[in-house]
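Given as structure tokens, the chain that follows is alone and in the form predicted on its own.
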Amino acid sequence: MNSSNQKKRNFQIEAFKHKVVVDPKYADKTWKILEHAITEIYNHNASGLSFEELYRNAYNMVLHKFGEKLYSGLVGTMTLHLQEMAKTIEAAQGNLFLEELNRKWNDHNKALQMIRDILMYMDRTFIPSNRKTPVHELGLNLWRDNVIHSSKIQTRLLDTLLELIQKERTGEIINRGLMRNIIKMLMDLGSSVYQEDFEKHFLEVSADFYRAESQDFIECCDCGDYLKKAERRLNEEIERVSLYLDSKSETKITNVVEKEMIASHMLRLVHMDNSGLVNMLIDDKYEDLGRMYNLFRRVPNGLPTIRDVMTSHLRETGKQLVTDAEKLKDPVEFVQCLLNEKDKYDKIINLAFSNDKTFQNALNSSFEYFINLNPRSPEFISLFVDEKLRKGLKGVSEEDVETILDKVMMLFRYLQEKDVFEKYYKQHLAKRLLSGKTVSDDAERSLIVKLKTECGYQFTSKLEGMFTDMKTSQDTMQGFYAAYAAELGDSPTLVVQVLTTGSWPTQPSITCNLPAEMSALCEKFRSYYLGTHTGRRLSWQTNMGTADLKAIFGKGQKHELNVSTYQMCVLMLFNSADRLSYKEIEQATEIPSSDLRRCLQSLACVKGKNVLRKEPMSKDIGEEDAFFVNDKFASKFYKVKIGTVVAQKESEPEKQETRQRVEEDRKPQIEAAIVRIMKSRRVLDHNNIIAEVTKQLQSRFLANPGEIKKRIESLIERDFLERDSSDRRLYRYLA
């Protein structure tokens, strides 16, 4: 037989079919036996009863249609016994009240189990078909109505439970096992009993307790201590639930603690004098900050409150840092302070704010805000890199070099004017490469790779070209010396770097008069180079070179001087003269006056490097000054390096000039962006063009809307675009 289509039949116990003659007093007699048995069970005398016989009696009563009598008899008898129990419980004094209640509850449960066994047949047949309450559930309901809801027990029970919890909160030891049993009893009677008779009042009393306690704490504690107390209270309540309350109460009671102890005092805690959030941030109180984060995240608007205060504090301190006149005197120190600040907050967010993304975003936006308040930030970051790559990274491991470069890149990302950084970086890199002053080619290249990854190949193609030129120049010099070795004999050694005009920072080419022996050598190189490369022009950049000179002073002391090309031109004049005036030097060398003054200053006014002396002796160079070789010059080093060109902060006019060059370079980029956008969109209104151009160029610089407008006008003049005839705000692309 196929079982899948055969519905399972519910087996029913059928009554006898043939007629049975029943004693008219049968029902009363039988019930008396059963009633006596129930009484014996409640009186702990069940051991003398025959359960089999009792079961048969109950079975027969139901069979003979006396189920109703049996059921109502059970309700009556049980009610009487429970009322007796209630009296004993009411009579219990003090602490014995809960113990008595617990004892009687256990008795009732045991009795109920036996009664249910005896009346099993009624439970299974009569009760379902007559829609009555099953025996076990009936027993619980009667206990609820006659004991728990008895007028003398209900309030006393609630008060006792709340009083014990209050004692526990104030540090007294209570009988948790007993508490657990009583609460479990309320839960067994149904969730509504637990909630109405206990939980609702428990939550109200708790709210009052924590409201008062938090008020006391906030008046006398500092923020850190207050948070510790709040955290402890929260943990105590969670523990209380796990020990003797319904697990569903956990969120309800923690909500009460959170609302009263945290949400109600949030702003006051954060802004607390001498101990609030700002003080914690200043003093790196990771533990307190972590506690604040974990508590505030539990309440609505908690984390935004911390984040907003942190952001405004960070922006304020950042603004002070980037506008501090003292810090601006030293670019390296300035950038180091920015890095220290970033490290500090990274650590706080990592250790205390569990690396929360929203906090990281707030940190980034704050840095971007204040770094760009100082227009010299791009220059200073480049100077910082310059200092590190010239000498700051000597003896530092590769990993540490990478870490420093990554930190620089992180600041670079915040810059809105990345093209200004590129301008300075190019100048500084050129000086490092030409003076051979870079600590490590690997570090230089690593940074260029990072810049390339960040900004694309156009950003770094010229920087890479500079490295290529340095390599090519080495090969060129080898070729030159191979070709002219015999001819050159013992003339000075010449090292030329041939720089591709487009790749290197453009310098106005200023020729100075080189010493005769150098001039001849340079001409030889020129003819060699132009002979091997057709269609090229060479112009000497004497302002970027260096020289090594051997010098003998008054008492025969010999030194090798490492100087700039300009300084060499000045010093070589003293081979044929003892005294030269400023004017004579200027005429003989034709070095621009600002460079010449700097050059003479480094030769005559720097202690320990003063190979010349001047009259009158002063720090500044005057037009009437006269210069002599300093015969008394002495140094403990054989090789003496005299003020080579270092990347220094630009003077005001130089700054203006760099700025102008940057502005000029931006014009074609803005125009190219406008044309790209218009080509794909065909027609666009003014505001949208501004928005799109700004978005396209933001990886390099923040485009000025006024400048974009000028570029649009320029493109209209040159017939790339036209204004719409009916709507002046619309532009059309002209193919």
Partner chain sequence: MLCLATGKAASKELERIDQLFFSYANNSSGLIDPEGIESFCSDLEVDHTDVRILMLAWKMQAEKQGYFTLDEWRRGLRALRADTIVKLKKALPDLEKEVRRPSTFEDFYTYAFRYCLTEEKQKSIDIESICVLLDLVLGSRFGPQVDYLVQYLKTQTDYMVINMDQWKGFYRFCTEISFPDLSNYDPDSAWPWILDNFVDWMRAKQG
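Positions refer to the first chain, counted from 1. Because the structure is predicted, anything quoted here is derived from the model rather than measured.
The following text describes the form predicted together with its partner chain, which does not appear among the structures shown.
The chain is drawn here without its partner chain; in the predicted complex, the stretch among 704-712, 25-33, 675-683, 64-72 whose residues come within 4.5 Å of it by any heavy atom is 704-712. By the criterion of a heavy atom within 4.5 Å, Asn687 is counted among the residues contacting its partner chain in the predicted complex.
Taking its partner chain as positioned in the predicted complex, the residues of 707-724 that bring a heavy atom within 4.5 Å of it are, in sequence order, Lys709, Lys710, Glu713, Ile716, Glu717, Arg718, Asp719, Arg723.
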